[in-house]
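The form predicted on its own is given below as one chain in structure tokens.
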């Protein structure tokens, strides 16, 4: 199967010069989690290409944006997802290959394979920053290797580990922290097509898993699922999870009450860590030792951290400061955005936009330097992107999107809007309209109609005031 995959990827790239080496050509793929996903991603890397994993939940408009931005030369899709991609690929003249066909071994083998050096681009993942459109975050093979080596050491991965991945495989959390660390370590990684409370509890209760990594929203739902069960079943599940060696939470702030309730149920104090698409993982509570609730630990091996004020001057531990990161595991660039790349660094340090204090060497995140980033259910969402789409609605004259604190999701997407006429749009209708333009996790779940948006003397919307009004 591996030979078939490599031969077809090299043959179908559309350029005779890539018959022996994809040469960092971008190959986008849309397949469900499973062996097909792993085979495709690693085959793209081995053939010298750049893997562009697409989100299975994204509407056609967002998929089209990624295809255009990456200048993909080839698209691979499972038959269940091909319908969304056929018109996009036809319009762009892109070859669309069926994943099932690629994974059928017909005896084809490539004549030769490239020498892939670690400085090559390996993957582009999309994340929303403070701009109105997502940016492509470019990872090299060296950056991926540095991340995996750090995490497998810090979290004690072993070849006899078994984990369950319920995280989306277009994000660094699922791709690197779970799947790639497991493969690197020779461990077993089971993959679910989508999160399901009963299915996850079934595997957690089997006694076969040793690790589990998820976002706070998932732990919140698992707690509610456990609480709905009969007492005898609760005890059985709790006994099974107590035998696991590690459980990790990340991608969003973990509410202390969620941590405490999970510990009551499973005996595990969740290991909270801090990272983002551009830097991978940077801070972590310890594998062995005290894990501080509401904190994200200390720098991982090989990662340098400093905190600075707005002028870039280092601040004392007890003073809030923006986190800046330096190390071998950082991203290489924002794809085709040299100015944004340059602006994101200061003297070689990546500027995260997150503010923290340090208490006895332990970092505690206070919030974000930008109010235009919303963290909901492990996703990092651009408020500006949502605003740009909603302003096209015929009943909306102006709007502002903010993150509203929520115990389950971390934050909910809230929109305050000024109506263009006498008729006010309903939330359900607005969500239906926006679903064709935005991923489901970006859709507003709170609506506030106002006569005018609060603004400062410079005309900028004061979003903190809006959050209070919600």
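Numbering follows the first chain given and starts at 1. For clarity, every value in this text was computed on a predicted model and none was experimentally measured.
Separately, the form predicted in complex with ligand AMP exists; it is not shown, and the next lines address it.
Contact check for residue 275: a heavy atom falls within 4.5 Å of ligand AMP in the predicted bound form.
Looking at residue 380, you'd find a heavy atom of it within 4.5 angstroms of ligand AMP in the predicted bound form. Taking the partner from elsewhere, residue 296 is found to have a heavy atom lying within 4.5 Å of ligand AMP in the predicted bound form. When contacts are judged by a 4.5 Å heavy atom cut-off, residue 324 does not count as touching ligand AMP in the predicted bound form. Exactly one listed residue, out of 305, 200, 253, 73, brings a non-hydrogen atom to within 4.5 Å of ligand AMP in the predicted bound form: 253.
Proximity to ligand AMP in the predicted bound form, defined as a heavy atom within 4.5 Å, singles out one entry of 372, 161, 385, 354, which is 354. Residues with any non-hydrogen atom within 4.5 angstroms of ligand AMP in the predicted bound form fall in just one of 306-314, 227-235, 393-401, 360-368: 360-368.
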